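Here you get one chain, nothing else, as structure tokens; it is the form predicted alone.
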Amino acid sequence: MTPASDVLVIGAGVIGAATAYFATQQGLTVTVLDKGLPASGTSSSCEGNILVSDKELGPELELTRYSLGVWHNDLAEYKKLWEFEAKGGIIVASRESSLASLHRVMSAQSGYGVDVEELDREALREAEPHISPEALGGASYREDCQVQPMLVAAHLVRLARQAGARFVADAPVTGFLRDGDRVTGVSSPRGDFSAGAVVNCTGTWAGELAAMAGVSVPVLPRRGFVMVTEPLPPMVHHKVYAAEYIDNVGSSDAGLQASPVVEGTPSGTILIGSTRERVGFDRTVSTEALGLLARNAVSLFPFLERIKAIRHYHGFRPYCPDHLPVIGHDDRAPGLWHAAGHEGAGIGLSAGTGKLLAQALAGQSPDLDLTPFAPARFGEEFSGASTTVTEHTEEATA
């Protein structure tokens, strides 16, 4: 068995990488395990959103604003490493009903201190000259940002290692070590690893790992596709999406949902999202989903009809039934902590989640109350939630 660490982080996506980095900043000894390499799971299959605009009032918006401050302050010196862009976001309404709904959302958010500005037809076209002529108006969110998520995970793991952390690749978890009821580490093909605290940062597979420890955390996969166009001159200047996107983010519908999200990248390609559907861990390419992506994107930016899509990719968002992540100590299995279930907001919330969790792991009172994200909040009604994906245990145990 390797020498015990203060903290053992399971999973090296952006959440695990941020937790490891900030734990080292607290002076804790850290070991990170992953079944593959950093960002080999969901973090390699998303757009890299850091969004304020799609958050409803409540704990997630509070965590979002806190996390945004961490990106801009604690991690400011590293922005270039992961292509941080403070590009801003624009929500577009193309129906009177959508415009009315957007006005209500803007009013509530601005009252909470969110930086949002209404855009009429003329202002919208000044901001995005190629937007659809059907667009009636929109809302501008200057706080919305973008990163390259694989670079975030890779560099945060590297920075954590420079601060003394150990990273072990190809180490899927096969079981938990215990001292009575207390979790004291994990077993893997690479050996046993003990620690004062074990942190479950396995994203979509967090429910599987929790079940191995005998507790229920109802994190389930929600599949999503992204298309990538050929490189172009700058044509889309913000993250632009339709008002319907907010409804889809907050929906628990298991069926296929799609709403246009379009944005440019530093390389000139345009990313086109987004779809959501609960199909377990089915990796089948859905031509229906890709067709919806293309049609929705063209409805928002008609010039895209003439542009080639050069590739697409898809992955699984870690979905929780109440749309809040699971963050904190699990009193049902002392020694086990969780940081998962952030769904499509994981990239943006990773910085704040990692810092808050590191504070708690160091015995401090976190800057933000973690009670709304408590792992045991679901109770026994979801005790069978993770059994729907048990056939993927081998993949899920990292």
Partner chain sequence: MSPAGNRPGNDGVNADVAVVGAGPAGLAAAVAAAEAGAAVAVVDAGSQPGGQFWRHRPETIVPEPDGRGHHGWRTYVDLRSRFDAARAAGRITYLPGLQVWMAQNYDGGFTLRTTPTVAGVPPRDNGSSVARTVVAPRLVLCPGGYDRQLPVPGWELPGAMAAGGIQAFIKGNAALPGKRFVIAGTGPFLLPVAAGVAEAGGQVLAVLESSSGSAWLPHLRAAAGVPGKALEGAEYASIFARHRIPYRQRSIVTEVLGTNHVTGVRTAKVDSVGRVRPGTERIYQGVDVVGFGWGFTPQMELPLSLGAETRLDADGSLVGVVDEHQQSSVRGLYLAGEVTGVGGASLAVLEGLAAGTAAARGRALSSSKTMWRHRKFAQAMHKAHPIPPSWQEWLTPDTAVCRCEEVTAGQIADARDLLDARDARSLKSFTRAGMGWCQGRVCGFATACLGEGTGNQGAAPSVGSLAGSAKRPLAAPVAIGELTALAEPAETNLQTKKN
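Here the structure is a predicted model, which is why all the values come from computation and not from measurement. Numbering follows the first chain given and starts at 1.
This protein has a second form, the form predicted together with the partner chain, left out of what is shown; the following refers to that one.
In terms of contact with the partner chain in the predicted complex, the residue from Arg182, Arg295, Arg104, Lys80 that brings a heavy atom within 4.5 Å is Arg295. The partner is absent here; in the predicted complex, the one residue of Leu99, Val279, Ala123, Ala169 having a heavy atom within 4.5 Å of the partner chain is Ala169.
In the predicted complex, the partner chain lies within 4.5 Å of some heavy atom of Ile307.
The partner chain is not shown here, and in the predicted complex it never comes within 4.5 Å of any heavy atom of Gln26. Heavy atoms of Ala93 never reach within 4.5 Å of the partner chain in the predicted complex, leaving it off the interface. Remark: Ile272 counts among the residues lining the partner chain in the predicted complex, judged by a heavy atom distance of 4.5 Å or less. For the partner chain in the predicted complex, the listed stretch (71-79, 197-205, 135-143, 221-229) containing residues with heavy atoms inside 4.5 Å is 221-229. Along 143-169, a non-hydrogen atom within 4.5 Å of the partner chain in the predicted complex is carried by Gln148, Met150, Leu151, Ala154, His155, Arg158, Arg161, Phe167, Ala169, in order along the sequence.
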